[in-house]
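Here we start with a single chain on its own, the form predicted on its own, put down as structure tokens.
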Amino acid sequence: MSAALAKRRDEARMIFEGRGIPTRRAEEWKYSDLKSALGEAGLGQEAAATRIMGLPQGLEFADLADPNAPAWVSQHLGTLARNAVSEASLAFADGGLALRVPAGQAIAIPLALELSGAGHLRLLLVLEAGASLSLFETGDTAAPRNAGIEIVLGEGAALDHVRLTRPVPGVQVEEIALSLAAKARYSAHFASFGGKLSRLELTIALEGEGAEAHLSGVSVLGGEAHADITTHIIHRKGNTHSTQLFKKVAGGKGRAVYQGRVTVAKGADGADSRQTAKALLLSETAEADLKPELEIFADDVKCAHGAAIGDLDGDSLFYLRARGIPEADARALLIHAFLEDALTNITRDDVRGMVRNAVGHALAALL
């Protein structure tokens, strides 16, 4: 481990020890009681593992435990996120992965990452100017895991990201922080089926003109599953564009959480942002907490947000049943239709098929 990285990790340890595990008193953790879910064991100090299922040609790899890690690692690692949980993953992860796509390189084969085991892990992904990549991320665990991921997109770089997490009995926390230069594009879909507590936190800074971030996601929750996605998109420059579309279905005692904040900085004229979150509650004990927010410090912008929570439309259900479709099948059709427009944002047909299949299995178990 390099001296610079060792110093940064010591700093991260001090920050985490000073702040501790977030509680519900922190506004951004209001709906997800991490401290209670972890219990006396806390986050621990073990290191989890990241497995690359085949390294695509053209992608450069570095081990964060290597004392001779290249300069681009020290330039970017630990610079994007400074919240307590992210600092814990930096402090306690045993090494970690750093990946870079050189300028102008288009990686044709998707990068498949599997996050496994309990503990902390760290990942740095850098796409230089004009580079492009597809990232497919999976993972599950029965014990607590905390993942910290930093992504840097250079000018004109493009990243397609799909995260598919299976239902888990444990606690999963993941923080993803991104920086986008001018004309960079980030498209992401997050499919979650919950856990004792499952939380994904995204912080995206649109640092250059013409940068774009497009987020979508689905959650299907039953039993006592909990799934939280918390986002913060910051439009620092003008003529930037962001969209968010999240659809959630909860039955049993499932709890679906979406907190989405968009900040348009002073001088970011021409920024365009839209965010939508909708939830279907299939039982009286299910819960959905949807909280979109806007902070606007510029004048010439287009910003919209909305949230809706309800049950299936009674008229649509009656229409299908009147045509001989059994109630259970009619309900399943309407729920699939409700989720579909979020799934269509997945660009690769094969990956979209995998997510649809996982959604189908989760709905079959729920209904």
Partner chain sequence: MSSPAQLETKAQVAEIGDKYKYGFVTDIEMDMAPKGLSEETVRFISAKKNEPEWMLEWRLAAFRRWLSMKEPKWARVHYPQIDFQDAYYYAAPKNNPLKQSLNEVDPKLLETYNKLGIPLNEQMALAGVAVDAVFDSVSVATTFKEKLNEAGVIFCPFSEAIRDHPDLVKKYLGTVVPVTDNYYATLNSAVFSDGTFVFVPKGVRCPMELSTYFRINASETGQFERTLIIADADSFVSYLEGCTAPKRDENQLHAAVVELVALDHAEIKYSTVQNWYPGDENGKGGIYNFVTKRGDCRGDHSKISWTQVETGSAITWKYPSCILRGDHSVGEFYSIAIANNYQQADTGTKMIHLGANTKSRIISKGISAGKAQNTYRGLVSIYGKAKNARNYTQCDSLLIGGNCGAHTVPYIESRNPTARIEHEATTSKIAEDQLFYCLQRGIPQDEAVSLIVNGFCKEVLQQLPMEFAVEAQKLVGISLEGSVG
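Numbering follows the first chain given and starts at 1. These figures come from a predicted structure and were not determined experimentally.
One more form of this protein should be noted, the form predicted in complex with its partner chain, which is absent from this view; the next part is about it.
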Its partner chain contact at Lys291 in the predicted complex, heavy atom, 4.5 Å:
yes
Its partner chain contact in the predicted complex: Ser74, any heavy atom under 4.5 Å
no
Residue contact check: Tyr31 to its partner chain in the predicted complex, 4.5 Å heavy atom
yes
Are any of the heavy atoms in Pro326 no more than 4.5 Å from a heavy atom of its partner chain in the predicted complex?
no
Listed residue (Arg321, His336, His305, Arg51) with a non-hydrogen atom within 4.5 angstroms of its partner chain in the predicted complex:
His305
Its partner chain: the contacting residue among Leu312, Ala332, Ala37, Leu59 in the predicted complex [heavy atom, 4.5 Å]:
Leu312
Can you say which of 230 to 238, 89 to 97, 208 to 216, 275 to 283 gets within 4.5 Å of its partner chain in the predicted complex, counting heavy atoms only?
275 to 283
Using a 4.5 Å cut-off on any heavy atom, which residues of 255 to 276 would contact its partner chain in the predicted complex?
Lys266
